[in-house]
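Two forms of a single protein chain come next, each set out by itself as structure tokens; they are called structure 1 and structure 2.
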Structure 1
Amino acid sequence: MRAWEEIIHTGIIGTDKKAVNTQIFSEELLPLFEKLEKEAEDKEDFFLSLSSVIYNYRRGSFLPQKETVTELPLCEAEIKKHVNPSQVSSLQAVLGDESDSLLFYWLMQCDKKNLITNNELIPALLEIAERNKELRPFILSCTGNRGKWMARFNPKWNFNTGLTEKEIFDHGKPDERKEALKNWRLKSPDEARAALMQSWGEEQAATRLELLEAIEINLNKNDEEFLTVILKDKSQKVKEAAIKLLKQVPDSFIVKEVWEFTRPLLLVKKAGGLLGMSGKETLDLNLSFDIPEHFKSYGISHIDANKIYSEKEFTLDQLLGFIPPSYYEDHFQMKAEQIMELFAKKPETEKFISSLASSTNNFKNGEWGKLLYRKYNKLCTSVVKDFDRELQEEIAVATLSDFKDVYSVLPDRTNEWSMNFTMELLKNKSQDPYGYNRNYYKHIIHHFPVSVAEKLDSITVADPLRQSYWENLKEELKKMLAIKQQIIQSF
């Protein structure tokens, strides 16, 4: 209360140097103060009388301030059924364990059964949705109309539900706009690109760079005109990002230009003459070339960083990686397997199998990706999502030591992994229980078959110093698997 602070302040300084500022007091007291001042013998007497009034005034009660409150809208009636008590219990176990993986698994089951959670746990789920964007769609589905209604009263829970991608892109926060543009590209790439083009001149360089990432989703020939205009952007990073995208459009002007330069460098010969389709065909590479100066802006360099190639071979490696697989098929009039065999016939051309892998990875050709992995042990991560699960798990086992993020080779986040792969993963990661601790497993535990808990004791750690830590971690895994079992039984 400012009035009492004024009294104390005046008392400390003294009435000779400071008079009480009565204007800060309530208007209803001012007439009384005027009367006290007239009746007071001196300044000190007036100050003491005034202090007595304010002291007693403070001890009195206050009337509440009257405010007009808008009538709250009623929550719409729920259409879906609520979860049963055992399902509530399994959700409480999940929330107590603080495992995003198990929560994801519970929400999946809830969504599949077309159920909604009980009202008491909605705030806890919305708080999780606040910090975990990946879980938001499931949480919003499983909290029903009550969740949407509650979200209105907390700005942090208002995840722009009910707004279109255009509305979010036009008025949302930076991270919301980027996410909306990505979703828009999935549904209508041309509309999303047009919206970005319209706002492009008003965006800051850093924002332009972030928003441009969304164009990679459903990238197509129609994007070329926009990306070509961006090549004149003031930001060098934005221009480089545009070039990177143009290099992924199979018939963009950049790809065609590089192909027209590269095509004459690839000569197929057979004994006694040029061309032919017999098994005697060989590939000759013309290394007597100089690239146009502007090719350097496309990322093509003469500098060999790894010393595998000569200078010209290194440049050719980059040129070949620039070319879509379909161009090679048309040029050689061969199928993928024949083209790879052609390159593999001679040591001087075999090294360029890696160039074909770069091409395959860049243009996401699943057929070429399978052949390169099966026959030449070249992994193109961009196409692994197109492989069958058996091959994906085979690749995952072979690359366990190379990839910390298992989703780079097993991209499906909903499937349960096979017992064989799960055990191979655990045997590999258990050797480093400090690096792959509970935090690592709590994001992937829903993929583990519950029965793997019975085999955890068979896993041994080579380093005795790490064995005790693994023993503790093993018990944590058993607890998480027990919760997964509880979820399964409840649904």
Structure 2
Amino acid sequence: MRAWEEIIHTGIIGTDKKAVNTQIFSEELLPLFEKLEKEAEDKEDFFLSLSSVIYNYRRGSFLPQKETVTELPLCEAEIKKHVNPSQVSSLQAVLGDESDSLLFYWLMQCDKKNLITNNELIPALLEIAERNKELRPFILSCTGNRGKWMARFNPKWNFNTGLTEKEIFDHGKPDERKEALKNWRLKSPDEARAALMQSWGEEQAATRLELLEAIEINLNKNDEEFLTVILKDKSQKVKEAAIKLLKQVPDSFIVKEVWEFTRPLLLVKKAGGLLGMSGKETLDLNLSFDIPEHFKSYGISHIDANKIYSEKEFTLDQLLGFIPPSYYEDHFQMKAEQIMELFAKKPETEKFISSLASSTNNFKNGEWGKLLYRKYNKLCTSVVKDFDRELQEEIAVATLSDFKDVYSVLPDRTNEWSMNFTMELLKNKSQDPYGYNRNYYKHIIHHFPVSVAEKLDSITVADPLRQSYWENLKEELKKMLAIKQQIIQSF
């Protein structure tokens, strides 16, 4: 508005130096301005009166226009039903508590019932999906078509829904490409590897390393060729990552080469047992060896930082960890249990049980893992996911002080833990309420049975200085459990 611009212009310079140019105003206003000038005490009074009139004139002069911007397309109708008011209430309680664990629990129930959330809470959920990749698929499922429709208004909510892994891998951002490649490996490992091979030359070293991590998923013999090619990569870190992967492929040339070298070092002696029965067999380890120089590039080192082994023993321990459990079974013509017994017979071979655990961990052999834990108390974390829940909880109780992240031994994020395990965990963690505070519980509370709330008072904290903190924490836990109860009731 020109008139107002003139007021501002004059106001900035000051009436002492500039008079308002009334000629630019609409002709119909001129008589009014003349009247104001006549009645004004001085030029400042006139300026302020003019300003007041034009201010009001400006406020009332706006007329709506037909804008060229197009109206938004309507969101597609929902197929799924919306949650009911009591389910909305429980979601509001969850969001108010800012607990990802309870939100996960709520989303699971919503998804199970094939429902979608109320529209009002969709932005809040999408904001959470933005930062929490684990909750993202559930949130997308529970926000229905409206959630997808909302993605067009915030680029951060565009989670590539509806795109194939190939499309995301070809055109996505670095993080998205990595995620897509991982998902692709789960569905079709060969296709995913072929895509990576194709783009390999154009990727930067850091990106190559990141993408290579995805190959660990569904790693198989077909990957060997690609991994062997990239052993010549310029980046040392990429080479090391390729070797690490080749070490996990049972038939890879590295594994075979190490096995060919190691096999003669494992000597089975038959101690004149009746009709050659296995009970009399013992294992001798030949420690008079020198590894080929290039084995060092496989990550085999000489010095044991823990000083449990001699130099040769330490090298042998690593070589044995290279060998897949199936090779041992073929070589000794024994079952897993017998092989472990063979190693355990003599103190000088018993120490290599941990090498078998490394092998089990490396090649993810569930059967060996179970035996090693049950009989030799060796935990192979990579196979714990294959154990039954009872055993997992037993391991979790035994290792409560070792692992900060309980999911390393109880990897299922969906189920409810037993009362026994929950209480053991609480008894253990409650002794350090500063380290294991509300933040810790708000990520795992959905696993707790609701009825544990009644038993919280029975937990005692030894350190008197920590008791009051635990008391407060206990109240927080009760509150979170009450919300879980509310979720259960609402669904």
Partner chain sequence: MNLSEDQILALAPDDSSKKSGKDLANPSKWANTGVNEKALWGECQGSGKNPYRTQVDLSNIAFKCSCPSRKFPCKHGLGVLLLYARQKNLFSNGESPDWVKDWIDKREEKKEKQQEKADKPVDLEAQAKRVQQRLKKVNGGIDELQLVLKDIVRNGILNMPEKGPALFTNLTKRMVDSQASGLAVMTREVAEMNYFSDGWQTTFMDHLSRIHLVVSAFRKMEVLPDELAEEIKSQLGFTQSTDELKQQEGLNDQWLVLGKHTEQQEQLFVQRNWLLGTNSKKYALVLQFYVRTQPPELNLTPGTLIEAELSFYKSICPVRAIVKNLGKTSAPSDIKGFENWVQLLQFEKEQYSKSPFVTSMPFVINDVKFAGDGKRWFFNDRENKSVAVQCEDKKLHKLLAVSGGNSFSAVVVGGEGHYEPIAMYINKSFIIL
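Everything quoted here is computed from the prediction, not taken from an experiment. Structure 1's sequence is the ruler for residue numbers, which start at 1. Here, rigid core means the biggest group of C-alpha atoms that superpose within 1.5 Å across both forms.
Structure 1 derives from the form predicted on its own, whereas structure 2 comes from the other one. In this overlay on the rigid core, Ala482 has a C-alpha that sits less than 2 Å away from its partner position between structure 1 and structure 2. Relative to the superposed rigid core, Ile444 undergoes a CA displacement smaller than 2 Å between structure 1 and structure 2. With a cut-off of 2 Å and the rigid core superposed, Glu71 has a Cα displacement that reaches or exceeds the cut-off between structure 1 and structure 2.
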